[in-house]
Ligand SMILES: N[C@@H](CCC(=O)N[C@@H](CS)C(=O)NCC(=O)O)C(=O)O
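The chain that follows stands alone, in the form predicted alone, written as structure tokens.
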Amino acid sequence: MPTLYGAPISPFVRKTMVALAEKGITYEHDPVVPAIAPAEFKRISKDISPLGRIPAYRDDDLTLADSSVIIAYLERVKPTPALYPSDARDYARALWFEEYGDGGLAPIIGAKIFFQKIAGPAFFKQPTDEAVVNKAINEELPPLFDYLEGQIGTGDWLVGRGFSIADIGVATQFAQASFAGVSPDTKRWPKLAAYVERALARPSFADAVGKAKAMLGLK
């Protein structure tokens, strides 16, 4: 049986968990956190995660690291239900939104909000730098939210008619923000707020988010 390595408090591990759930793939889960349990993670990182990051994935004798790589592999292993659009333009847009989550939202939500408010104090005994948090919320996130608000059309999802890697990559970052009490203002970003609520209500996300909250001691 395949094994996923990494704790659900990571947005990238959660991204992979959602993809596995959407595809109905059964797997074992080792919720290791490199920064919290470095010795435990060291035993597996040399072979399956050379950069020492999570998630990592083992499927028989194949080992992979990086959420985007893992999910692309899962798509080939179990093509249905598809998480990547078949239309060339929609496919490209889906990859773009995945990168928008990974490379645009994550550096702000992860490092400047989640770490400052949750991970730093809880796991590293570091005090929250409120100036960093406030700047991220009030200055850095709004332009990113503005863009997404303008990209959401009349359908339920970001690209085409179906739930895709675009939605997984973006929504997992909003789940991360929610742990720190941050969400799109319904008056300023009504379409985005409704979209996030819709995405996080999917069973695949609800389960992964619930596991993350349990680990963090959140309700």
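In case it trips you up, residue 1 is the first one in the sequence shown, and so on. Because the structure is a prediction, the values reported are computed rather than measured.
One more form of this protein exists, namely the form predicted together with the ligand; it is left out here, but the text below deals with it.
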query: Segment assignment from 147-155, 64-72, 163-171, 190-198: heavy atom within 4.5 Å of the ligand in the predicted complex; finding: 64-72
query: Touches the ligand in the predicted complex: Phe205 (any heavy atom, 4.5 Å); finding: no
query: Touches the ligand in the predicted complex: Arg53 (any heavy atom, 4.5 Å); finding: yes
query: Non-hydrogen atom contact Pro31 with the ligand in the predicted complex at 4.5 angstroms; finding: no
